[in-house]
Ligand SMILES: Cc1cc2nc3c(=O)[nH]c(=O)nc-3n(C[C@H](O)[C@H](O)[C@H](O)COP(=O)(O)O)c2cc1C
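Here you get one chain, nothing else, as structure tokens; it is the form predicted alone.
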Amino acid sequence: MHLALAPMAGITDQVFRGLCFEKGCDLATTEMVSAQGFLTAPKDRNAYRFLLARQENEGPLAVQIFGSVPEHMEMAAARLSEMGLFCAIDINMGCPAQKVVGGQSGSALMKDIPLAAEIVKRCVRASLLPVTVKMRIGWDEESINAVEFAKAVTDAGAAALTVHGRTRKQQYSGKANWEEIAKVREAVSVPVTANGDIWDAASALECAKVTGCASLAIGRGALGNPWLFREIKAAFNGEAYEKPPFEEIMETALRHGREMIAWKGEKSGMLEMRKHLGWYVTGQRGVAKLRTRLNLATSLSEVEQLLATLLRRETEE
């Protein structure tokens, strides 16, 4: 089973991706990059420098772009493919965020199939790399058009698809419709990756069974748990899996923080780490109070003291 780390804005940066690769991830994708912003921003602007950064310990990495102007998407695909950092150009046609769909990008493109196909066609023409598409199953329950959409973008040249089994209206609520993903897989000749509601080995096995997909994309299930890739692979290989001890989880959280601070500096690094630290300690007793204190921490030394206290409490019980 091929396992990918699904792109998540503000989360799947080079540090987090590196941890996931170490623990069994086969492919990752950058956070979303605005095609227009990339083309017009100063070359030394930190926002795009950070978005496009990658570590030596990362495996195959696709770069994801979004936009609704074919010319911008075409030029961005050309420039990014020439950088020599990525294995594919992934077009986001699934993001449900209002600030993205408000510009007719992301999942809004599922309402305009001709425009989506034109964007793919232009990117394929301009890119030195394969072009892939991340999509949803439709805009809302009344307009599920995943099969029609998938056929159009693959006819335009998309080399692979990742399908999130929810509509845009659902955002991330309700259940992912894996049956619709199966319909897409059956309708197109390119590889299809299933995405949505893969939280553990059991859900991964069930998703693969229902969709028939040989590739799964893991999103929110990996938050605070990059070991999920290892767990899922063990299940597919019929191997035993032991969850990491709490001490290893805390050590990984601190390593994550150190690498983030080394990359972005303590102030920015700590701001980025707060959400991750909350995810790492989820499920532990007294986590609500601890999360509040972690969110107020301004240095890694404070975090180390808080996690050391939590670790002592867990090991003494």
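Everything numeric in this text was worked out from a predicted model, so none of it was measured. Heads up: residue numbers just count along the shown sequence, starting at 1.
If you look for the form predicted in complex with the ligand, you will not find it shown, but the lines that follow are about it.
Student: Can you say which of 6-14, 289-297, 303-311, 19-27 gets within 4.5 Å of the ligand in the predicted bound form, counting heavy atoms only?
Tutor: This holds for exactly one stretch, 6-14.
Student: With the ligand left out of view, which of N92, T154, S127, N177 would have a heavy atom within 4.5 Å of it in the predicted bound form?
Tutor: Only one option qualifies, and that one is N92.
Student: Quick one: from M73, A158, A204, I218, grab the residue that has a heavy atom within 4.5 Å of the ligand in the predicted bound form.
Tutor: It is I218 that has a heavy atom within 4.5 Å of the partner.
Student: My question is simply whether N195 lines the interface with the ligand in the predicted bound form - judged by any non-hydrogen atom within 4.5 Å.
Tutor: Residue-level check for N195: yes, a contact with the ligand.
Student: Contact with the ligand in the predicted bound form for S34, defined as at least one heavy atom pair within 4.5 Å: yes or no?
Tutor: Judged by the heavy-atom cut-off of 4.5 Å, S34 is well away from the ligand in the predicted bound form.
Student: May I ask you to state whether R166 is within 4.5 Å of the ligand in the predicted bound form, using heavy atom distances?
Tutor: Answer yes; at least one heavy atom of R166 falls within 4.5 Å of the ligand in the predicted bound form.
Student: Would you check, heavy atoms only and a 4.5 Å threshold, whether Y172 touches the ligand in the predicted bound form?
Tutor: Result yes; Y172 sits at the interface with the ligand in the predicted bound form.
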